[in-house]
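Next up: just one chain, as structure tokens, the form predicted alone.
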């Protein structure tokens, strides 16, 4: 009799727990459903539709689409401008990682070591990120102007006339001129990201390191930098994906010129889809851009993240 009551009690407990789990599951689904619907309509469906359009010839206006099969993809594989755009994107990726992250980390360490005394500089250094990208592009077009720009005027004033350039009109240096502006705009973002991570490092670690005889450099390289590894991986991933998808500043400053010297995958896609009205081929470029970003993220981020988890474990 006692055993029967005990079994009945356990069954009621299991039933109660299962009912509560079902209630939580339904509640979670109801809360997540709007987010999934938003992602499905504005993210997933456009990606799928871009791949669908890449198999058609369409000017974006006529209701009729002409099926081409893989002709757009064959054309893309032979398109020299597209491959130059891919190369330019990866140049931006490489230089962004090489410039933005180290300078952002250096500024974060400097401002963190100064404490509240450097609060004013935290605000000043963060200002470029608050400005509109279009406004920054227009501003630097005037700064780079070969006749009235402040750069050439300064070089002439200090007697370095030989260094004056047509910064945005010379195909050899136009891309690097724009990359300098990109770095100027986004270094504050990584500075703030690293500052947030530095603020999470316990002060006791610094005190213990100094008691053990560690110098400032030794403390940074042996303690701070390993603790920032996760933030550095996150920053590198954001920089990589953002650089591959970059569009607005390049379009405002050069529109991909001169002679495709600053052409990126996103600007090339925009030209084909909305300037040349080759919507099908533009969708092909957009689909290729998605594939490049996805493959790069999968081959770079996840191995680094797995390595980080192994170290933490």
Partner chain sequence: MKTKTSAKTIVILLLALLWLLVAFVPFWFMVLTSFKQSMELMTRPVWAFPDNPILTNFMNVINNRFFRFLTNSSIVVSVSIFLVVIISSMAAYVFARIRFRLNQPLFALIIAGLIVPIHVTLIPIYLLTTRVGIYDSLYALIGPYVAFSLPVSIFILTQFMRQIPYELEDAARIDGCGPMGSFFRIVLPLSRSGLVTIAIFNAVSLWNEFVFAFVLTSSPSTRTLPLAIWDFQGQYASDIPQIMAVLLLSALPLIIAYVIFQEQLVKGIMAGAIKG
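Positions refer to the first chain, counted from 1. Since the model is a prediction, treat every value here as computed from it, not as a measurement. Take the two forms, find the largest set of C-alpha atoms that superpose within 1.5 Å, and that set is the rigid core.
From this point on, the text means the form predicted together with its partner chain, which you will not see here.
>> Only one of 165 to 173, 118 to 126, 79 to 87, 221 to 229 has heavy atoms within 4.5 Å of its partner chain in the model of the complex; I'd like to know which.
In response: Of the options given, it is 118 to 126.
> For residue 258, is any heavy atom within 4.5 Å of its partner chain in the model of the complex, or not?
Replying inline: Because no heavy atom of residue 258 falls inside 4.5 Å of its partner chain in the model of the complex, the answer is no.
>> I'd like to check something about residue 94: if you look in the model of the complex, is any of its heavy atoms closer than or equal to 4.5 Å to a heavy atom of its partner chain?
In response: Contact check for residue 94: no, nothing within 4.5 Å of its partner chain in the model of the complex.
> Hey, in the model of the complex, does residue 179 get a heavy atom within 4.5 angstroms of its partner chain?
Replying inline: Output for residue 179 is no: heavy atoms all beyond 4.5 Å of its partner chain.
> Is there a heavy atom of residue 73 no more than 4.5 Å from a heavy atom of its partner chain in the model of the complex?
Replying inline: Contact check for residue 73: no, nothing within 4.5 Å of its partner chain in the model of the complex.
> Of the residues 198, 209, 101, 238, which one places a heavy atom within 4.5 Å of its partner chain in the model of the complex?
Replying inline: That would be 238.
>> Residue by residue through 265 to 287, which ones have a non-hydrogen atom no more than 4.5 angstroms from its partner chain in the model of the complex?
In response: Read in sequence order, the residues that approach its partner chain (within 4.5 Å, in the model of the complex) are 266, 269, 270, 273, 274, 279, 282, 283, 286, 287.
> With both forms fit on the core, has residue 70 moved 2 Å or more by CA between the shown form and the other one?
Replying inline: The answer is no, as the C-alpha of residue 70 shifts between the shown form and the other one by less than 2 Å after core alignment.
>> Following rigid core alignment, is the displacement of the residue 28 C-alpha between the shown form and the other one equal to or greater than 2 angstroms?
In response: Superposed on the core, residue 28 moves its C-alpha 2 Å or more between the shown form and the other one.
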